[in-house]
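The chain below stands alone, shown as structure tokens; this is the form predicted alone.
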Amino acid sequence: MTRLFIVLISVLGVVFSGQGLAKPTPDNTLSISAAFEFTSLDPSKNGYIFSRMQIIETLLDVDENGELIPALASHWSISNDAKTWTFDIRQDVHFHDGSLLDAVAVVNSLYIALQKHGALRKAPIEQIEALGKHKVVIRLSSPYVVLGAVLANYANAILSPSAYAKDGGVLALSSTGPYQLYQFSPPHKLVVEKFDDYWGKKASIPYASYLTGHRAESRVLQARSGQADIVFGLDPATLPILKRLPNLTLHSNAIPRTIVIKLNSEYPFLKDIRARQALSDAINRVGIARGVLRTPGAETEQIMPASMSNWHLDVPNKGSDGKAKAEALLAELGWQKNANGYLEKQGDIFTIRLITYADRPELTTVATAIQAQWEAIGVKTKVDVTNSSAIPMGHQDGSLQAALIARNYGFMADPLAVLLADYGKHGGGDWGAMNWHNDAVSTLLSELEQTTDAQTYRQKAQQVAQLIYNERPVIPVTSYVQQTSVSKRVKGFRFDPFERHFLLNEMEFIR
């Protein structure tokens, strides 16, 4: 039945396409490769790929500076008590099924999103109401400053009423973007077609295809051979080779994502803050940034990049004497090196299992470097490369000891929503702290949800950042740089630092 459904989706995409009898060919299709898989049409599950391919849109968007900007809402306002948000819905906007966007369609989509997993469910929403054809009002029981950022998230995309089944399931991906779905072949292939009735900047390239490239090596081969016009998530180690190819242009872009080590603070050897600090001090971040990632200056001891200034502390990275500091801290805790060079205390060897995943190729090489640096101070370290799903699974069942991850703090326009998930509740979150709790952090994060004064917001955010910095429930390693190759047959490529859109409608083929 599932296979039949997928075939039907593909066929319907061709039947109702604006290109008539035209079909995708290598000449008229922009081909993209990245590591993301997808399995569902539901934006609450796989909206990250549908947003990137510019099929779906939300009420608000995010600019390159992380500021909220109009999208399907042409304007919005917030009441003095911050409990009523009013949105003017853009007029003359067509869904891909030909129907017109109106307030009723927006309310319908948002109420369905409220019933599904996502940040919108955590908002204190009392009512979502359509006032006339082009105005939507959201009433809250208490101020919630991140509502705009939450509404801009892909999980809260606006679909046409006909896109949904009676139970809220998504039957067809009929939204309002500059591209519409043409072929849906999960988990690896997706093809979109330009939508001629788009309300904004219309696309020039007729089709775009997305192909999941699990292995970093396969993505490099796609770039070298020309099989893919744009390849995201290249292994930094391959950049010198790719730079020599005349058919490619390489782009290195900083994004609000940080490579961090998630720690289980209840793991016996990591309960003491000094042990976590020692592991942090032992890491040669400068060496990893330069030698492994080939991005000098990317080293960091903070979870947030400097671009998120409210959450970034004005403290320098530590110097090069980290190994000596780490050894001194561990000695304070009673650890001494045995004949084999490993730390031992009361018959226990300081061992740690560090897991990571291959979806982002640089993580495995960074994990290997960290393994060597921890072994140098006597910590017996085992690195396991597994699937990314092992991280939340290990968090939930308590088996995780340490995990090297790439945490996206730009997942929402306001990182407060991410921090609430990672550090705001007892025990932490799947991609944040584990078995770590700080009452002050929880209180401050809760207060920030209702803080509308900019100066007070910054003060509280800085306090949160300082507490996380001091207690090291996670260990930041480097800021993240996205490595991308672009074929020289493509003009107009621009990277979205918040990774919301591939900006397909800004690109053209050079003929």
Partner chain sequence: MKALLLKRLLQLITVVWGVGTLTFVLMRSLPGDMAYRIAASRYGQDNVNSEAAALVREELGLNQHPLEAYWHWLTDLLQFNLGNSMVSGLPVIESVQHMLGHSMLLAFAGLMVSILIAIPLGLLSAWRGNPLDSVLMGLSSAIRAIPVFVIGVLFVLLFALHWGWFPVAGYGSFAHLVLPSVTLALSLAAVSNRVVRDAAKQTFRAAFYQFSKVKGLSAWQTFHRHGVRNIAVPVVAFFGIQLVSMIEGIVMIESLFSWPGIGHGLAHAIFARDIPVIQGAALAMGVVFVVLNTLVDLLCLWIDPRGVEQ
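Here the rigid core means the biggest group of C-alpha atoms that line up within 1.5 Å when the two forms are laid on top of each other. Positions refer to the first chain, counted from 1. The model shown is predicted, which means the values in this text are computed figures rather than measured ones.
FYI, the form predicted together with its partner chain isn't displayed, but the following is about it.
- For H75, no non-hydrogen atom is located within 4.5 Å of its partner chain in the model of the complex, even though that partner is not displayed.
- The shortest heavy atom separation between T386 and its partner chain in the model of the complex is within 4.5 Å.
- Looking at E37, you'd find a heavy atom of it within 4.5 angstroms of its partner chain in the model of the complex.
- Among heavy atoms of S225, some come within 4.5 Å of its partner chain in the model of the complex.
- None of M393, A254, I349, A328 but one reaches within 4.5 angstroms of its partner chain in the model of the complex through a heavy atom, and that residue is M393.
- A single residue from the set P415, P178, G432, G213 has any heavy atom within 4.5 angstroms of its partner chain in the model of the complex; that residue is G213.
- Residues with any non-hydrogen atom within 4.5 angstroms of its partner chain in the model of the complex fall in just one of 423 to 431, 95 to 103, 67 to 75, 230 to 238: 423 to 431.
- For the stretch 38 to 59, the set of residues having any non-hydrogen atom within 4.5 angstroms of its partner chain in the model of the complex comprises T39, S40, S44, K45, N46, Y48, in sequence order.
- Superposed on the core, the two forms barely differ at E217: its CA moves less than 2 Å between the shown form and the other one.
- After superposition on the rigid core, displacement of the C-alpha of G428 between the shown form and the other one amounts to 2 Å or more.
- Relative to the superposed core, S399 undergoes a C-alpha shift of no less than 2 Å between the shown form and the other one.
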